[in-house]
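Taking the form predicted on its own, here's one chain by itself in structure tokens.
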């Protein structure tokens, strides 16, 4: 029976930026015990490759056109694809980290991580443990202690971020001004902020809601 230590860790890189893929493949290709077995530019392509490519671990971008990283993790779980995954991203908002872990990521690294840390993370996650840099782990722990916003509160929060008044929110959602006020107060309490403006700003910074344009 071959020694498992002699078997390379087979990596699938999932990222829609060719320069990132080329850089990672070049860097990891020089590491003993690690083999890059393929790359995909989307979540859909990654799922197809995983059916035929003998990968052990994914380095997974968070934001991609079509199926993003978190959608890909959910799809893997639904399809009973049990490969381990490290999210490798430029984004570090609290909610991004939390959603990735909830979806099944075993590690979370920023793309500016040094080579030593990336190799350490790959070996740790492949070995069955999780890997989160200290600051990421602290923010994840803090986020997990906060109460989740309800679907209705998220709707209200999106409208707060657009600058709508309570009356305008009530009209849009067909609810009373008093009900809107209760939702706003609940949002402020859950986000631990002082007012509606800070609630909207904090939600954007943490990645709870996204702005476009």
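Positions refer to the first chain, counted from 1. Keep in mind that this is a model prediction, so the values were computed, not measured.
Same protein, other form: the form predicted together with the DNA, not shown, and the subject of what follows.
Taking the partner from elsewhere, residue 195 is found to have a heavy atom lying within 4.5 Å of the DNA in the model of the complex. Interface membership of residue 158, defined by any non-hydrogen atom within 4.5 Å of the DNA in the model of the complex, is ruled out. Mapping the unseen interface onto this chain, residue 152 counts among the residues with a heavy atom inside 4.5 Å of the DNA in the model of the complex. In the model of the complex, residue 37 stays away from the DNA, with no heavy atom inside 4.5 Å. This chain is displayed without the DNA, yet in the model of the complex the stretch 170-178 from 39-47, 55-63, 26-34, 170-178 comes within 4.5 Å of it by heavy atoms. Looking at 181-195, the residues that come within 4.5 Å of the DNA in the model of the complex, counting any heavy atom, are 181, 182, 183, 184, 185, 188, 190, 195.
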